[in-house]
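Next up: just one chain, as structure tokens, the form predicted on its own.
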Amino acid sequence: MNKRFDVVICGGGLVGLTLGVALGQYGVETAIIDSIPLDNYLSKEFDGRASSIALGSKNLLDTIGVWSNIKSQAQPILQIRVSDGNSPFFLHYDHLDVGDDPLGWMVENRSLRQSLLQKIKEYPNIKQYVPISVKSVDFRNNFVIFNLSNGDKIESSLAVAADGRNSFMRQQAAIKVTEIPYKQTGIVCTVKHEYSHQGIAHERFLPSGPFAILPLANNCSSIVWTEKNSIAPKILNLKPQDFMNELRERFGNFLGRIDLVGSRWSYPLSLCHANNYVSRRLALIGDAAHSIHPIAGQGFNLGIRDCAILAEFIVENCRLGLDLGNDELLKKYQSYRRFDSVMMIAVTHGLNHLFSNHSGALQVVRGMGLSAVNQAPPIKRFFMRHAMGLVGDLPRLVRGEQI
């Protein structure tokens, strides 16, 4: 007989693991399938990125018992300064304008993975298939069958695709996507600096794309450097000293001497949005549903909100003894998540096109816009609360409540 689960999550990245832990604490029989060995995920060389954790996302991670293991490594974001090239206009956010909580936290992805994987070990109702891939999937009327690369067959009431922007599960369900290449590459690295960053994040809009300096613990900062595809390979192939010279040109000297910590990574940037978030007995979460530009650092937070509402619907249906793959649950999930995702896609896509150019006329307009928002406290507070994940009809986990 095939092994039977309530939910099978395809993809063991940050979003897939988060959903797994959320379901695990409520007794949902869950399988997580991922083709990447755990040792690779936990290696310092695997992923140099760090994630911006909004307050709402922190509430969820705290509620599912993960935050306690990473809070010592989480750097609070106390202020955000946004500037446009050499323009004298700027936009400044201060957490004290909306309360005592930070605007967010920066956490290295490796630390997040370690904490999530550690928590998963506590739940006997979670089974990990690693490193194993899905060879084929059969979406039937009453269940889903997965044929795995190790020869196993497993079944579930509901399949969840958390397998990234090139989702195999999404392709198997014949869900089409809207994809727009940005012709940009994200260069990521970490630097240590002489002076304290004081918890201040900097977003500088340059003609090639945004250049972000994001505060990390231990007096380090994560650099997210957006560059044109035609230039990025040349920068990445520079010798370490030449690379740092290019970096310092954009970074400046306001934090004193800076030194590279670890390796350099690069990621192609594009917009990828699924035309539907659900199909028969399938729900898409994270990048499988919506992959956005990192300009606002909200990609992981979007995925967290996917997890929050999907977990809420699954647990509620499980308690009532209902079919976890029923059409009503899936339609509710899509209805709940689509507006939030489309709005964030519109904002990030629009900002990237507005600021990533050499237009002098547009720079004047941009500067005036930044200045206008900076001098309008109610608008600033709304933008800050939205970035903190505190606007709208929030799922219970995002409010910091148990399901």
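Residue positions are given as counts along the sequence shown, with the first one as 1. Remember, predicted model here, so these are calculated numbers, not experimental data.
Just so you know, the form predicted together with a small molecule exists too; it's not on screen, but the next bit is about it.
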item	value
The small molecule in the predicted complex: contacting segment from 241 to 249, 90 to 98, 129 to 137, 310 to 318, heavy atom within 4.5 Å	129 to 137
The unique member of A173, L330, V224, V82 whose heavy atoms fall within 4.5 Å of the small molecule in the predicted complex	V224
Residue (of G325, G297, G104, G209) lying close to the small molecule in the predicted complex, criterion heavy atoms within 4.5 Å	G297
Partner contact for G164 in the predicted complex: the small molecule, 4.5 angstroms, heavy atom	yes
4.5 Å heavy atom contact, N374 to the small molecule in the predicted complex	no
Non-hydrogen atom contact Q75 with the small molecule in the predicted complex at 4.5 angstroms	no
Heavy atom of S35 within 4.5 Å of the small molecule in the predicted complex	yes
